[in-house]
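Just one chain follows, in the form predicted on its own, and it is written as structure tokens.
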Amino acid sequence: MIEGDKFNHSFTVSQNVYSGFIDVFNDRNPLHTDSNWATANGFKGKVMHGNILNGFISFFVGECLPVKNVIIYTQHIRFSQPVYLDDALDFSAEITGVFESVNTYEFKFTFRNKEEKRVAYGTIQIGLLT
């Protein structure tokens, strides 16, 4: 992997992903579970939990990179648009820094919805295990 390498993957916030998140973490805030409450507060419907996207980042690091001897050191995410059930998201990441002396790589990433609106973005720093 070298600076400038780009990676892309598609994710869908399916009913299975949504239900699984609630089953595991038990976050039943009405913003995420009550369509009427969410629409009364200005949203199109139930807003998906932001940490679902963190799970997608974990999948990217663990399964999409060409190496498997990796560990996430830091992960920063900013949410700019709500994500809804069944949204298809395009994830793109680029290596923006390579620090060979400490076996560390930094990525900038973006999630975009089908309207190509950026819904989240941030950085990931990973280390290569020796």
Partner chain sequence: MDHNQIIKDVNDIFIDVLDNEDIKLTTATTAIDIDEWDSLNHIQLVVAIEKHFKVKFNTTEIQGWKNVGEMCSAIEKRVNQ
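All of these numbers come straight from a predicted model, not from anything done at the bench. Residue numbers count along the first chain shown, from 1.
In what follows, reference is made to the form predicted in complex with the partner chain, a form of this protein that is not presented.
You can rule out all but one of 28 to 36, 41 to 49, 73 to 81, 56 to 64: in the model of the complex, only 73 to 81 has residues with a heavy atom within 4.5 Å of the partner chain. Looking at residue 8, you'd find every heavy atom of it more than 4.5 angstroms from the partner chain in the model of the complex. The partner chain in the model of the complex is not approached by residue 69, whose heavy atoms all lie more than 4.5 angstroms from it. Within this chain, residue 92 is remote from the site of the partner chain in the model of the complex, having no heavy atom within 4.5 Å. Taking the partner from the other structure, the partner chain in the model of the complex has a heavy atom within 4.5 Å of a heavy atom of residue 98. In the model of the complex, 106, 125 are the residues of 106 to 129 with at least one heavy atom within 4.5 Å of the partner chain, listed from first to last.
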